[in-house]
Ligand code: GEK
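Just one chain is shown here, as structure tokens, and it is the form predicted on its own.
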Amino acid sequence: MSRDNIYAQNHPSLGAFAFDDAVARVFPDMIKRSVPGYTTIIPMIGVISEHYAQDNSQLYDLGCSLGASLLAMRNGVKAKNCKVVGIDNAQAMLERCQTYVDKDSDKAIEAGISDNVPVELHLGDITRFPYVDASVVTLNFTLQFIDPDKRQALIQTLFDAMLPGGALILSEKICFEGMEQTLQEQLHWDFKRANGYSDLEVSQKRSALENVLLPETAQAHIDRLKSAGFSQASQWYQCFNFTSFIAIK
């Protein structure tokens, strides 16, 4: 796992954060050291997928990046005749994701597993994808990078494509009101420093993400999910200003 040192040196002209080749190379280290609770959320996506995946259905991972949540879904599924579909708009991330999927398939073959759940990867815009027969959908720190004006329409599209009893897993960085925002933000920065990031790295990464990652409050997410028609929508996990929701159709 290559170490993330993208922002270790001073960048006089700092561009907006992008999921390019440089980020793809260090992404496992970056997200582990930057997102508190990430190593808990990923295996729990597998647990949730096992519970909610239905026979003859699709499981979607939107903004699949290198495939951590996608593979958790794949290995959690016990239902029959399912397929996991990963979608991302970054070619560099998707290419590396394919290598991880291939390695996971090889491990299944070595273990004598002959009915491994098939995986399809698509390069594209998650707001325009033709979703069908979905029983589990994951947006793992993805919606926060979508234009806020397009978020409700996307959630509505996913709800409409979902089978009754299906589940949507939504993990996001969230914001708060007043002093709680200051507290949670400071604790997140302390988490990153505890994981070896310097003050310069924390500052430059924050600046690069400023107009790219646009967080909302937890209540805004709950309201959007319920407005789309989900019968249940709640937070199942939170660590500082990072949380995960589950919504049931």
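The first residue of the shown sequence is 1; numbering continues from there. This one's a predicted model, so the numbers in the text were calculated from it and none came from an experiment.
There is another form of the same protein, the form predicted together with this ligand; it is not shown, and what comes next is about it.
> Is there a heavy atom of Y38 lying 4.5 Å or less from a heavy atom of this ligand in the predicted bound form?
Output for Y38 is yes: heavy atoms within 4.5 Å of this ligand.
> Using the partner position in the predicted bound form, report whether Y197 sits within 4.5 Å of this ligand, counting heavy atoms only.
No.
> Is P164 a contact residue for this ligand in the predicted bound form, using a 4.5 Å heavy atom cut-off?
Close contact is absent here: in the predicted bound form, P164 is far from this ligand, nothing within 4.5 Å, heavy atoms only.
> Residue-level contact is defined here as any heavy atom of the residue lying within 4.5 Å of this ligand in the predicted bound form; does S65 satisfy this criterion?
Yes - in the predicted bound form, heavy atoms of S65 and this ligand come within 4.5 Å of each other.
> Pick from 216 to 224, 178 to 186, 24 to 32, 50 to 58: which stretch has non-hydrogen atoms within 4.5 Å of this ligand in the predicted bound form?
Of the options given, it is 24 to 32.
> Any chance S135, L170 and A228 all have a heavy atom within 4.5 Å of this ligand in the predicted bound form?
No, the whole trio is out of contact, none within 4.5 Å by any heavy atom.
> Among the candidate residues A79, I146, L121, A108, which is the single one with a non-hydrogen atom no more than 4.5 Å from this ligand in the predicted bound form?
Looking at A79, I146, L121, A108 one by one, just I146 meets the 4.5 Å heavy-atom criterion.
> Enumerate the residues of 115 to 142 that have a non-hydrogen atom within 4.5 Å of this ligand in the predicted bound form, in sequence order, or give none.
G124, D125, I126, N140, F141, T142, in sequence order.
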